[in-house]
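Encoded as structure tokens, the following chain is the form predicted on its own, with no partner shown.
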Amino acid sequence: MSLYVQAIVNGFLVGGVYSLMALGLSLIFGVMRVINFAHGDMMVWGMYLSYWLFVTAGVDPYLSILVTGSAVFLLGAAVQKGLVNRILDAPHEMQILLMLGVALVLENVALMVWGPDPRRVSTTYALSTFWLGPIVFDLPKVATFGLALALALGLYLFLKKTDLGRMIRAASDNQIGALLVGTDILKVFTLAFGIGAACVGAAGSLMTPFLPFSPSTGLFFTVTSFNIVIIGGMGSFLGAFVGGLLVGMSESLGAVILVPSLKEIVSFVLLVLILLFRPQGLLGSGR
């Protein structure tokens, strides 16, 4: 029993950063109805930036989120303003092909710059743990969960309490109404895409102390993000957060029940059940 409790705890902690990762994807889709297939590759670039800062300047990955989040924000805003804005009214197939192309470019540029070998940020506290009864807590995962929760809460307060956040929510709910009251929709789209990219860039930094990564890792993060937002509900802030926790715990339990290489099966079974019985997601509105 303690083994299963340990798996749930580990999955819950990893699920926190999964939630932050999925919040960015959910925000982009909720505002623009654009599916960002380059989401995972943007996260990998956040991881490589964090790794580069650690190797060259000794910057702790938990501090480098300020740099990586800002850098990936600019990347996302540039992609939105330079590419996505041009095909907002195009068929969804065109949007999908465009974002797949962006994903391939990001992956191959990372491959040319960093090479194919897996990297990892080896901090002094990477193997630090503490015990609470029979359960052992991995210190990097606890710190990652806490920071991911703080960033998610900050994003929630930004969307709820600031004028820019209200503009983003207005554009998400009713674009025509937002235009009628003078909202610059294209600027809102650029801001929303940039914020969504910043979330995943910060999530990448938070995962570097305990997760190896390579240029091809982006596909895994993209698929996991889609899994989370579909389970939680596309465009739902709370749904993305809850979905991240559920996927994290299901993968951790899957590694115990089955084998680690098959851990994703449990989360995909959960996805299939959601699609069968509640296709709008656990907390989706069904719009």
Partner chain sequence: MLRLGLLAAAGAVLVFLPFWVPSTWQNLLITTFYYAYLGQAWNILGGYAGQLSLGHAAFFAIGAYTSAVLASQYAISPWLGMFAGAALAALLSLGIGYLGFRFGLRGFYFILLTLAAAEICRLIALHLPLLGGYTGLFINFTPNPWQFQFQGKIPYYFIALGFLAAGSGIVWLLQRSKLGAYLVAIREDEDASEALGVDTFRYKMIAYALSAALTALGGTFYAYYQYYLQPNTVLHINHSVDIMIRPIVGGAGTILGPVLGSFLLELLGEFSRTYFAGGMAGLSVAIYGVLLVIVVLFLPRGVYPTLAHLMRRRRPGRAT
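Numbering follows the first chain given and starts at 1. These figures come from a predicted structure and were not determined experimentally.
There is another form of this protein, the form predicted together with its partner chain, and it is not shown here; the text below is about that form.
Visitor: Considering non-hydrogen atoms and a 4.5 Å limit, which listed residue (146, 134, 154, 101) is close to its partner chain in the predicted bound form?
Guide: When its partner chain is considered in the predicted bound form, the option within 4.5 Å is 101.
Visitor: Consider the chain as shown here, without its partner, and state which of 186, 74, 83, 164 has a heavy atom within 4.5 Å of its partner chain in the predicted bound form.
Guide: The residue from 186, 74, 83, 164 that makes the contact is 83.
Visitor: Quick check for you: of 223 to 231, 239 to 247, 46 to 54, 65 to 73, which stretch puts a non-hydrogen atom within 4.5 Å of its partner chain in the predicted bound form?
Guide: That would be 223 to 231.
Visitor: Looking in the predicted bound form, any heavy atom of residue 219 within 4.5 Å of its partner chain?
Guide: Taking the distances in the predicted bound form, the answer for residue 219 is yes, it comes within 4.5 Å of its partner chain.
Visitor: Within 4.5 Å, heavy atoms only: does residue 12 come near its partner chain in the predicted bound form?
Guide: Residue 12 lies outside the contact set for its partner chain.
Visitor: Applying a 4.5 Å heavy atom distance criterion, does residue 142 contact its partner chain in the predicted bound form?
Guide: Result no; residue 142 lies far from its partner chain in the predicted bound form.
Visitor: Could you tell me if residue 94 has a non-hydrogen atom within 4.5 Å of its partner chain in the predicted bound form?
Guide: Yes.
Visitor: For 105 to 141: residues with a non-hydrogen atom within 4.5 angstroms of its partner chain in the predicted bound form?
Guide: Contacts from 105 to 141: 105, 108, 109, 111, 112.
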